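Just the one chain here, laid out as structure tokens, in the form predicted on its own.
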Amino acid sequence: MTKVVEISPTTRHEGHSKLVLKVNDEGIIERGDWLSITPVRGIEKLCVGKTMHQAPKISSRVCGICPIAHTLAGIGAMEASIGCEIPQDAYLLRLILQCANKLHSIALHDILALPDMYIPGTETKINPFTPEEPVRTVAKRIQRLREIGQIIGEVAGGEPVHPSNPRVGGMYYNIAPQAKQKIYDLAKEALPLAIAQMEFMVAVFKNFENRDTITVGKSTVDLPKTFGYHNQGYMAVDSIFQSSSLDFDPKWDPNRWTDVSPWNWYMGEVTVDLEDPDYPIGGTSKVGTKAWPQMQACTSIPLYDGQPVEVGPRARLVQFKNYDHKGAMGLNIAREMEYPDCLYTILDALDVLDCNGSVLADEIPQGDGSLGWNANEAPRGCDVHLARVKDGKVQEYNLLVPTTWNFPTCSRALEGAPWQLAEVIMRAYDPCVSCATHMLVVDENKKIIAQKLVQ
């Protein structure tokens, strides 16, 4: 007999979301819906009528975790719309900034994922903040990698969170030779740390994957061999950085993208009839709670070629490096494998960067309203910004951010898993939920359905 359990809110990620799960008598998920319940900020509408220089700065405020990716994707979309090519040294600075952001993000994800894992060879769950070894050394290494990523981002981008240096047409300024040497020294320091961290985390994830049982709260459940598997496709435009409609061979096609409303994707109204007060943290929703994913979800569902797709580190490795490790742990391991690439790319870019080179285009057109897009391979996956710019003003702006793509794919990956492990699968996608929230659902009287979330 099918029962419904709700985990709300979900934890250890950015933003607010919940899981509504239909499970069988053995507690195995038959249907899972992962949905955003984050209130909408209306970023895209705020950008309409603003200048093409203002809009990317506004869109970067959709999130404090991945604003670098949003800044670069937004600026790239504006440049694509107006037909502006940037100088090579500006491109290299953006590439360095991109990789610094990714380095910081991977390290941050390690902190979020570790509490679900075990110290290999033991039955001890990992507390990233314990003073005990070997975790203490790992935690200090993570924090140093995050710090290095932020410092490099500040040097190349002007600020470590919302970068001020990138602009439509390139960058506001190049960096001095001393700054270039500082980035080089930091990258060289980080490389052995990143490799050591990658090796540790891969061992931890493989250990989890090879276990027979997992303990969650007071429950011990069997771990299926197909934990977190799905049959959806993958979407990635580059192994590191981006693709744009200005490219000779663009790697993304807006004609292959469609949006589906949550009403046509998520399950209808259900009543919770299974609860666990010992589920961490605070227990699941109480029996009798009403859930209505169709009406409570604050995102549309993007499809590519009519199907949901996975975006992110595994998608990049599948598309460009023949990676084939499936399941939630395969996704986590793929993220760790991007550690060295971030630093090798920074070092390679520094080898070519000319600190005396121009970083601003000679001409910056004002635009005729043509559609331009930029797909940035953000830490969490393909971040697509689409824009129309006319006479320097934004006429239309749309953000298809990584977690928006991953919501439906992750939902399908929940099937077949014990419901107590649903959040482990969700966290493997490293969700940045606030970025994905771009709509409010209203009823026929224009009343906001999820009014309690706004209040």
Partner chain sequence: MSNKITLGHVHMSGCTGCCVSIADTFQGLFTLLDNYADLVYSLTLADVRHIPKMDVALVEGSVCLQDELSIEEIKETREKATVVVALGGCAAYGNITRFSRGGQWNQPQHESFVPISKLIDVDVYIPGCAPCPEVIRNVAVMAYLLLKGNDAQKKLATAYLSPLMALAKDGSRIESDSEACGCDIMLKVVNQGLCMGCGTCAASCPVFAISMEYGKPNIDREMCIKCGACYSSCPRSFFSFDVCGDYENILGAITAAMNPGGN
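Residue numbers count along the first chain shown, from 1. Fair warning: this is a prediction, and the values are worked out from it, not measured in the lab.
The same protein has a further form, the form predicted in complex with its partner chain, not shown here; the description that follows concerns it.
- In the predicted bound form, Glu423 approaches its partner chain with a heavy atom inside 4.5 Å.
- The closest non-hydrogen atom of Cys298 lies within 4.5 Å of its partner chain in the predicted bound form.
- Interface membership of Thr258, defined by any non-hydrogen atom within 4.5 Å of its partner chain in the predicted bound form, is ruled out.
- Interface membership of Pro192, defined by any non-hydrogen atom within 4.5 Å of its partner chain in the predicted bound form, is ruled out.
- Though its partner chain is absent from this view, in the predicted bound form it lies within 4.5 Å of a heavy atom of just one residue from Ser245, Thr345, Asn165, Gln232, which is Asn165.
- For the options Asp238, Glu199, Asp354, Glu147, the residue carrying a heavy atom within 4.5 angstroms of its partner chain in the predicted bound form is Glu147.
- If you check its partner chain in the predicted bound form, you find a heavy atom from every one of Gly15, Gln54 and Arg427 within 4.5 Å.
- Looking at 324-332, 168-176, 201-209, 86-94, the stretch with residues near its partner chain in the predicted bound form, meaning non-hydrogen atoms within 4.5 angstroms, turns out to be 168-176.
- If you take 51-68 and check each residue for a heavy atom within 4.5 Å of its partner chain in the predicted bound form, you get Thr51, His53, Gln54, Lys57, Ile58, Arg61, Val62, Cys63, Gly64, Ile65, in sequence order.
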